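Single chain ahead, written as structure tokens, the form predicted on its own.
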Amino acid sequence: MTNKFNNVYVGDSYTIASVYEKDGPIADYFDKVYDKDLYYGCDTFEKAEEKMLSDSIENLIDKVEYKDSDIDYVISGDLENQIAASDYALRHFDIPFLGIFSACATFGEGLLIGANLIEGKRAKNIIVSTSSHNMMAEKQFRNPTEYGAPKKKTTTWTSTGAACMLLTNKKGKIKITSATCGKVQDKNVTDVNNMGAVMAIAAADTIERHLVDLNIKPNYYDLILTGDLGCYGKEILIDYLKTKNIDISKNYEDCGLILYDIKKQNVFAGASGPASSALVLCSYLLKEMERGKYKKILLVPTGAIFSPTRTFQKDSIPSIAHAISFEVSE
């Protein structure tokens, strides 16, 4: 299902990036970069992610000169078990909280929910946020880095950072015009080191349905972006959609290849994690839309619903992708 929106605008955003992101192509676009280490001044990686997320929300509220009471909801999720980074971060605020999870597509889910609440006049101001942390994710989903386990070239590198966006009914330069909710897809891929292959089919399904629902062609958008397919998943998506007579090759890129330079940085196939698409959108893309480089963007955050327990039980890995369109207001 694709929903259209008439009264959902981007109020502002705030981003915090870390060590690897500062060496990437869009480092100058972030609001804050903490490049000393991955601890962000904390004792553990988990506390570091919590603090990054909390700081990003607090700084966004300060940036727009609001108070907690001006925000109707915060919608947030992350990769940590029980979305703990978001849960723990929101204890520092007096704001109603909706915790969500779509793995690396979580930010897209948050935008979709937030846009529907504002369009339905159930809220006026909503902050959508997310975060991820490389070391926390490695510990939870694969092996602690200290184990020295070798990685395949198809592996993606979990981004470290936090990003949040204010959605509002107050008219602004950039608005959300539509959103397509993803469907869980599973093509029986079991390789935990090839998430691009896992998620490409979900991105393809959502993009196809989005275009069909709105009766538009890929060239309607200046740019179509997936969340974190990486260089290999990107090619799978392009090739698969061509079998559906949909060619996105001329105006398509993956956020995981914008956040990092895979030719210069040792990040394997590119960036991943919920923060990957959120950092790119809330820094680089919004600023370039304001400057006039892009007028219409379709963001398709992608997520592998990866359960280590299910993987150990020899199960396959499902995936999901949500599509959110941003346009410069006339």
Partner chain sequence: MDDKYLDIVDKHSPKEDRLKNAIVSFIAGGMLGSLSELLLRGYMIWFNLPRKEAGVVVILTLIILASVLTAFGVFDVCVSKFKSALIIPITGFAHSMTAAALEYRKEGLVLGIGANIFKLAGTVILYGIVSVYIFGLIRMLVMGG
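Residue numbers count along the first chain shown, from 1. Quick caveat: nothing in here was measured; it's all calculated off a predicted structure.
There is another form of this protein, the form predicted together with its partner chain, and it is not shown here; the text below is about that form.
Participant: Is there a non-hydrogen atom of residue 252 within 4.5 angstroms of a non-hydrogen atom of its partner chain in the predicted bound form?
Facilitator: Result no; residue 252 lies far from its partner chain in the predicted bound form.
Participant: Examine residue 145 and determine whether its closest non-hydrogen atom to its partner chain in the predicted bound form is within 4.5 angstroms.
Facilitator: Looking in the predicted bound form, residue contacts with its partner chain include residue 145, since a heavy atom lies within 4.5 Å.
Participant: Taking 4.5 angstroms as the cut-off for heavy atoms, does residue 169 touch its partner chain in the predicted bound form?
Facilitator: No - in the predicted bound form, heavy atoms of residue 169 and its partner chain never come within 4.5 Å of each other.
Participant: Taking 4.5 angstroms as the cut-off for heavy atoms, does residue 240 touch its partner chain in the predicted bound form?
Facilitator: Residue 240: contacts its partner chain in the predicted bound form.
Participant: Of the options 181, 223, 236, 71, which one has a non-hydrogen atom that comes within 4.5 Å of its partner chain in the predicted bound form?
Facilitator: Looking at 181, 223, 236, 71 one by one, just 236 meets the 4.5 Å heavy-atom criterion.
Participant: Can you pick out, from 91, 153, 217, 173, the residue that has a heavy atom within 4.5 Å of its partner chain in the predicted bound form?
Facilitator: If I apply the 4.5 Å criterion carefully, the residue I get is 153.
Participant: Heavy atoms within 4.5 Å of its partner chain in the predicted bound form: which stretch among 91 to 99, 75 to 83, 137 to 145, 114 to 122?
Facilitator: Contact-bearing stretch, as computed: 137 to 145.
Participant: For the stretch 87 to 112, I need every residue with any heavy atom inside 4.5 Å of its partner chain in the predicted bound form, listed N to C.
Facilitator: Result: empty, none.
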